[in-house]
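The form predicted on its own is given below as one chain in C-alpha cells.
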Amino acid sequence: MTIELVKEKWVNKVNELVLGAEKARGGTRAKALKAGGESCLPFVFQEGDMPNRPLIAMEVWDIEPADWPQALKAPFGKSLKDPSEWAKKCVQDFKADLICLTLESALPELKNSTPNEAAKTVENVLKAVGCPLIVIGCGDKNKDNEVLSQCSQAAKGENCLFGFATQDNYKTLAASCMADGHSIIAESPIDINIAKQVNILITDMGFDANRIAMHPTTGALGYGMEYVYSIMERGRLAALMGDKMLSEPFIVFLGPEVWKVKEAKAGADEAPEWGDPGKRGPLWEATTAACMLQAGADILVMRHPEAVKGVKNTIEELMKR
C-alpha cells in the first residue's frame, strides 16, 4: 500500500525584503541581500519554496559594552573600542551577512551622543564594510527620533534597515525612511494583533509593505520560548493563508535577549556547576537561534562568533532540498 504525504496548499507567500543598494541602484554596497519570499512553513520544501536562506547579522555597538561578560567580549578584542573595526572583524573573520549597528551611546543616561555624532558613526561603518546595514536606536524614543532621522539622511540611498517603529512611535522614522530610501523594522510585544496593527499604520503613510520587517520582541531559550514560537508560527500561518498585513519577514534580535539571562552570562565563579561559560553562552545563543529558525525567522541578529558559526552550519543543512 502506498501512503501519500498530506500537503498543504498555501495561497500566499512572505514578502521578499531587499537590503542594501549597489552602485547601479544608487548605493555603495558590494551586494544587496534578500530576506523572506517563502511560500511554505520553514524548511518544509514539499509544500513550497524558500528562495532565500535566513540571514545572520552580527551586532556592533557605537560604544564598548560595559556589561557584556568576558566570554562574549573575548573574540572581538580591541575592536570593541572602534565600531568600524568591530564591523570589519564581524564580516571578514566571522562571515556575518549583515552588520546591525546599535547606537547605544545616544542614551541620555549613558554618553548622550549627538545626532551628528551618530550619523558620523553610520558613515564610518558604511565605509568600513560592503554589506548591507541595520541601524538601531538607543531605546529612548525621543532621542531616537532625532538620532535616527539624522542617520537616515547620512545613509541616504543605501537601503539600510532602520528600527524600531512601534505602535506609539512610528511616524518620524517611517517618514525618514521613505524620504531616504530605507526599509523599516516594525516592533510589537509578541502580540499578533499589535504586529498587524503596526504594519497597517506604517503602510497607511504610503510606506511600501515590501520594505517592512517584523520584530516580534522574542525571548531566550528557557524564557517563554514556547509562547514566542507559537505567536510567530501563527503569524506565518496567517501570511501563507493570505493575510497581506502579516506577510512581512521576521527579524529576531536574539543576541541581546540571550546575553542578558544568567544561564548565558554567569561566569565560572558564579556558577561552576554549569560548566565553561565560554562554551555555555554560545550554545545558549545557538540553541535559541535554532528555535527561531523553525519558528520562521528570516534575519537573526546575533553576538557570539561561535554561535554564528554553528547556526550558519545549521542553516546550510536545513536548506538542503
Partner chain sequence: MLIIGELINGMYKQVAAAIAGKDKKAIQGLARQQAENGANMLDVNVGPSSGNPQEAMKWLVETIQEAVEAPLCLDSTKPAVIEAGLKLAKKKALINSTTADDEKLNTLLPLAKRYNAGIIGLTMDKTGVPRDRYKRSEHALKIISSCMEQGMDLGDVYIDPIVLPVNVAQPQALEVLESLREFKVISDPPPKTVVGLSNVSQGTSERNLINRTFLVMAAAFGLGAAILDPLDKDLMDAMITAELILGKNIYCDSYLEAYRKK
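The model shown is predicted, which means the values in this text are computed figures rather than measured ones. Positions refer to the first chain, counted from 1.
The following text describes the form predicted together with its partner chain, which does not appear among the structures shown.
> Arg211, Lys196, Lys143, His215: which sits within 4.5 Å of its partner chain in the predicted complex by any heavy atom?
Exactly one listed residue reaches within 4.5 Å, namely Lys196.
> Which residue, Asp204, Asp93, Glu226, Asp168, has a heavy atom that falls within 4.5 Å of its partner chain in the predicted complex?
Of Asp204, Asp93, Glu226, Asp168, the residue with a heavy atom within 4.5 Å of its partner chain in the predicted complex is Asp204.
> If contact means a heavy atom within 4.5 Å, which one of 151-159, 233-241, 123-131, 106-114 is the stretch that engages its partner chain in the predicted complex?
Contact-bearing stretch, as computed: 233-241.
> Quick one: is Ile190 in contact with its partner chain in the predicted complex, heavy atoms, 4.5 Å cut-off?
Flag for Ile190 set to no.
> Can you tell me whether Leu246 touches its partner chain? I mean in the predicted complex, with a 4.5 angstroms heavy atom cut-off.
Judged by the heavy-atom cut-off of 4.5 Å, Leu246 is in contact with its partner chain in the predicted complex.
> Though only this chain appears here, would Ile200 touch its partner chain in the predicted complex if you measure heavy atom gaps against 4.5 Å?
Yes, Ile200 sits close enough to its partner chain in the predicted complex that at least one of its heavy atoms falls within 4.5 Å.
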